[in-house]
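Before any questions on binding or motion, here is one chain by itself as C-alpha cells, the form predicted on its own.
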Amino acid sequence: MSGTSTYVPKSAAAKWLETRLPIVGLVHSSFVAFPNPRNLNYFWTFGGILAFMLGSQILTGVILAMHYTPQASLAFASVESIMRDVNYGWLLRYVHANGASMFFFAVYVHIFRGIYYGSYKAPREVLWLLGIVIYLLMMATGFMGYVLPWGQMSYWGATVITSLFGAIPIVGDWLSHLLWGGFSVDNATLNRFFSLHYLLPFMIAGVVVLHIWALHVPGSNNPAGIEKKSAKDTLPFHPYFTVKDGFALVCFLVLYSWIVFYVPNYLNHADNYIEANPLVTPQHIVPEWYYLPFYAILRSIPDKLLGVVAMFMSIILLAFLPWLDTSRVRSANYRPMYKVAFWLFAATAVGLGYIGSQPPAGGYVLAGRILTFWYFFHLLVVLPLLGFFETPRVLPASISDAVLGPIGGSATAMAASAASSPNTKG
C-alpha cells in the first residue's frame, strides 16, 4: 500500500486545501514516500514511460483532431493539409503516428517483463487483469486511428478486419453493419472510428488510474519475486526511482526522436500514402506491426470462424495467466525450466509477427501453423504442468539478501529460505 505521507502543508492556502481535498498528501504518499523494492531493474521503468506516452498521445491527438476532417472525400486531403499547411503539423502527425508504435513497443516490454517475473501472481491478479483491459483498449484505439488517414491500407485494413465479425453466428452480420454504419466501409465507418478513436484514450486513462491504484495496494513485484519483509527491503519512490525512471525516459525519447526526425515513415506502409480506392485492392494487405502476431494466428486457421476465435483467444488467455501458471515461485530467475519455456514463447511471438508480415503462401503458412500451435500449447499445457514438475532454485530470504547477499554469510537465513520455498506445486 502507499507509504506513510510525511507531507506537511506550510502555507495557509495549502493547509486549507489539505483539510478539504488532501490531493497533495495523496500524491506525496503514492509517488514520493511510496516504498518500492530496492532491487527493481530498468524493466520496471516502462510503467512510467507508458504513462508519459499516454499523455503525449492524448495531447497530440486532441490538437490533430482540431484540423482533421472525418469525411471520406476529405479525410486524406485534410491529413495532407496538416502536414503542409498547419504550423508544425508535420511534427504533430509524426509524433502521434510513430508514438503509437513506441507506445506498443513499451507495452510489449511491460507485458513480457510481467510474464517473466510472474507479476500476475497473487495478490496482483486484479492489477494484471486491468493491464489486459488497457491492452485491449489500446488495440482498439490503434486500429481505429490507423483507419483515419483514409489511405489504401487504412481502407482495406478496415474492410478485412471488420468483415471478420461477419463470421460470428447469428449476430455476425449485425455487428459488421453496426461497425460500418451501412453495408460496407464508407463515410459512416470513418465517422464512427474517428469518434471512438478520440474517446477511447480517455477511457484508457481512467483504467490506468485503477491500474495504479491496484498496484499501490500490494506494491510492486520485483526481480526476486518475493514480498517485502522489512524496511531495509525498500527505498522511497523519490528520489531513487524518479531519477531512474527519468533516465530511462530520456533514453527512450532519444530513440523516439530519432525515428520522428530521421525515419518518420519507416514503420508506415507505402500504400497508405495513396488515397483510399474501393475499386483497387492492394496486393498484400497487412496491419500495423504491433498486430502482426495475432494476424498471423488468424490466417493460420483454415476456417474463418475458428480463425477469429483463435485470434481473440490468443489475447484473452493472457488474462488467465494467474490461474494457468500453477507454480508458487514467481520469478523466472529461480525457475530454470520456465525460463527456457519463456524464451521459446517470446521467440514464438516474434516469429508470428514476422509470419504475419509475409504473404500467406508456401512455407509461411506451415510455419504460421506450427508457431500458432506452440503459442497455445505453451499457455494451456506447458505453463500448468511446469508448476508440478519443475524444481525451482532456492529463493533468497529477503529482498535485501537478493541484492547484497546474506549478511555475514547467514546460513540461518538461507536455511529458512530453503524451508519456506516449495520445490514443486505441492
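All residue numbers are counted from 1 along the displayed sequence. Keep in mind that what you see is a predicted model, and the values were worked out from it rather than measured.
One more form of this protein, predicted together with ligand HEM, exists but is not displayed; see below.
- This chain lacks the partner; the member of Leu352, Val95, Met153, Leu215 within 4.5 angstroms of ligand HEM in the predicted bound form by a non-hydrogen atom is Leu215.
- Note on contacts: among Leu395, Leu64, Leu50, Leu386, the single residue with a heavy atom within 4.5 Å of ligand HEM in the predicted bound form is Leu50.
- With ligand HEM left out of view, the stretch that reaches within 4.5 Å of it through heavy atoms in the predicted bound form is, among 333-341, 171-179, 305-313, 127-135, 127-135.
- When contacts are judged by a 4.5 Å heavy atom cut-off, Trp44 counts as touching ligand HEM in the predicted bound form.
- In the predicted bound form, no heavy atom of Tyr256 sits within 4.5 Å of ligand HEM.
- Ligand HEM is not shown here, but in the predicted bound form it comes within 4.5 Å of a heavy atom of Val107.
- Although the partner is absent here, Arg113 is a contact residue: one of its heavy atoms lies within 4.5 angstroms of ligand HEM in the predicted bound form.
- Residues from 174-209 that approach ligand HEM in the predicted bound form with a non-hydrogen atom closer than or equal to 4.5 Å are Ile204, Val208, in the order they occur in the chain.
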